[in-house]
Structures are given as structure tokens and as C-alpha cells.
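For this one, two forms of the same chain are given in C-alpha cells, first as structure 1 and then as structure 2.
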Structure 1
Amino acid sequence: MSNPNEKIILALDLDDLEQLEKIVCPLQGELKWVKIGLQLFTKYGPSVVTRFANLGFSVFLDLKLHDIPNTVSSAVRSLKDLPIGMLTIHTCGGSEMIQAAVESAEKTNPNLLILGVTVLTSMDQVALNEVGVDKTPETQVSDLAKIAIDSNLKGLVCSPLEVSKLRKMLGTEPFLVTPGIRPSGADFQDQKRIMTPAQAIETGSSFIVVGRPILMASNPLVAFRSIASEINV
């Protein structure tokens, strides 16, 4: 993957489709990946995936599936006719669930990259303790990452601040996809533990997820190009 533009995933976190199209159409031919999450998928259904794929984008479907193995496997199979290149599942569903998802994708959509979410960045030590996890968030991330990779998952979603440790632990092969990105000088909004695009790529992220710094920019194309040039060094 030599083109740095292909490392940027634009999170489509608005529910006004016309507004989103106004933002993404000028990026056609430069931006490759868009991320469709629960907000758009629950409002518009699978057709929203096709809509952005038909505009020429590769779609990362961020559904964070978490259920019994049979249900997750069936959900992955149900997605087989949708043009998606990446899909998220929760690694805390355990190795059996993860393997069921991977095996289902191998049978129905072999090019699909399934990514495991470890600990949501909204969860701190207190929140983990509340749900019975008696470990630090950092240890829980490493433990879940190991389970995920041992269960044949090829990639993870994580904070850019976790990348260096995960790279040491897992090597260069797994795809590490990192949100929590803010270009230097940008508004942090609700993101607290952030890195700049260049720092995130330098530390070993395979892809960076960027939402508001592009969506809310007065000129999204300029904002996108500036991020792309920042990582193209």
C-alpha cells in the first residue's frame, strides 16, 4: 500500500446523506476508504453501504458485532452481498466467536478484513471494574489482542497510543487501525488520548480513522489533502 491516501479512513458520522455526499464527492479519486457506523446503518440499512460503494469508495462497516458465535457467523454471512472491505467485531466475545466470524468470512467473503475492537476508549478502569474486569485497561487490551490474533483475526482497532506496545507484541503483520487522530493544531473535541496523523503512522498504524477534522472543516478536500501530505513523508 504505497499511496498514503489509502491509509486514511473517513468516518461518515453524520446522518444527513446529502450533506455527506457534498463532503465526499469532491474527494472521489483521492480518498479510498469511508467508515459507515451504527448511526448510518441503523437509520438507512444496508443500502447506505451500496450508496457509498457506488460513488467509488471502499467501505469499512463498523458494526462492532458481539453475540453468540452462531449469530455472529450468520450476521457475517448475511453481509456477503454487500460491498464491504472491512468489518468490526468485539474481541471480548471470545475466541469461539472470533473464529466463527473469521470462518464465516472465509467462506462467504474471503477478501473481507475483520477487525477486532478490544477495549472501547470510553471505558476506563472504573468502567471495567464495574463490569467485572479486574485488570488495567492496558492489560485488558493486550490480553484481548492476543486472543484475537490467536483466533486468526488479521487486524485490530486500537488507540494510537497502544500501537507501539501491540507492534512489539504482535509484530508487523496485523493491521492496526487507529481512531483518535487530530492534525496538529486541530480541535480535540471529545478525543482525549490523541496523536497526529504523522505520529500515528510513524508508530505503526496501518490505517488512521478521521472524522470531524475533515467533516467539519470549512473545506474538507483541503483538510483531507493536508492530512495526506502530513503522512506522506
Structure 2
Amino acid sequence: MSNPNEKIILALDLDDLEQLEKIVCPLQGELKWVKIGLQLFTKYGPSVVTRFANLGFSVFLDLKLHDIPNTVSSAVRSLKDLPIGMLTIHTCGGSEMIQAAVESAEKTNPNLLILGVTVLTSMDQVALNEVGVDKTPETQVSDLAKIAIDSNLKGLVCSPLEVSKLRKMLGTEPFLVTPGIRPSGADFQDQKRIMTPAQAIETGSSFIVVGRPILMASNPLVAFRSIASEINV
């Protein structure tokens, strides 16, 4: 994956499909990955995945599944006919749930990369304490990452601030996908644990997720190319 363009995942975090198509169509042939989350999926349903796949994009479906093992397994199986390359689950669901998701994917869609979400990048120490987690975000990420990898997950979603430690702990094999990416000078907005694109790749991120810095740019193609240039090191 030497092409820096392929390391950028554009988060389609708007609910206006026509507006999104106007933004992404000029990126055809340069942007590889788009991320479809709950906002789009709940409004338009599975057809939105096919729509962007038909435009030539690889789709990362970010549903963050979290339920009892059988339900998560069934949910993964129900997605077998959708053209998706990545899918998220919450690692805090535990090893049994994670293994159920992995086994379901292996049986129905062996090319699907299941990614385990550790700690959301919108959460900090205060937010974790509020929900009863008496750990630092860094420690919680490490603990959940170990559970996930021991449960046969091949990839994780984490803050770029945790990538360096995870690489030392887990090695080079797991895919590490990092949201919380903001180009230099950009507004942090609701993200608390952030890093620039170049810093994230340098520390070991496999993919970076970028949304509003491209979506809200006056020229999204120029913004995308600027980020690709920044990480082309």
C-alpha cells in the first residue's frame, strides 16, 4: 500500500446524499476508501453502500456492532451480500462476541476485515470515569486491544495517540485505523485525542480517517490532495 491516497479513508459524515456525491465524484480515481457510518446507513439503508461501491469506491462500513455474540454473528452474516471491505465492532463486547464476529465473517465473507473499536476518540479520562472505567484512555485501549488480537481480530480502530504503543505491543501485522485526524491548523471540533495526518502515518497508522477537513473544504479535491501529499513520506 505504497500509494498515499490508499491510506486515506474519507468519512461520509453527512446525511445529504446528493451533497456527498457532489463532493466525492471529483475524487474518483484518486480516493480509494469511503467510510459509511450510522448517520448515512440508518437514513438510506444498505443501498447507500452499493451506491458508493458502484461509484468505484471501497467501502468501510462503520456500524460499531455491540450486542450478544449470536446477534453480532447474525448481523455480520446479514451483510454478506454488501460490497464492503471493512466493518467495525466494539471490542468492549468481549472475547466471545469478537470471536463470533470473526468466525461469521470467515464463513460468509472471508475478505472482510473486521476492525475492533477500542476507545472512541471523543472520549477522554473524564468521559471514561463517567461510565465506570477507572483507567486512562491509553490503558483501556491497550487492554481492549490485547483482548481483540487474542480473539483473532486482524485490525483495530484507535486514536493516533495510541498507535506507537500498540505497534510496540502488537507488532507490524495488525491494521491500525485512526480517526481523530486533523491537518495542521484545523478545528479540533468534537475530537479530543487527535494528530496530524503525517504524524499518524509516521507513528504506524495503516489508514487515517478524515471527514470534515475534506467534506467542508471549499475545494475537497485540493484538500484531499494536500493531505495525501503530507503523508507521502
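In this text, all values refer to a predicted model and were calculated from it rather than measured experimentally. For numbering, take structure 1's sequence and count from 1. Rigid core (definition): largest C-alpha set, two forms, superposition within 1.5 Å.
Student: So which is the form predicted on its own here, 1 or 2?
Tutor: The chain shown second - structure 2 - is the form that fits the description.
Student: Given a core-based superposition, decide whether the C-alpha of L82 shifts by 2 Å or more between structure 1 and structure 2.
Tutor: Shift of 2 Å or more: no.
Student: Has the Cα of V133 moved 2 Å or more between structure 1 and structure 2, judged after a core fit?
Tutor: Shift of 2 Å or more: yes.
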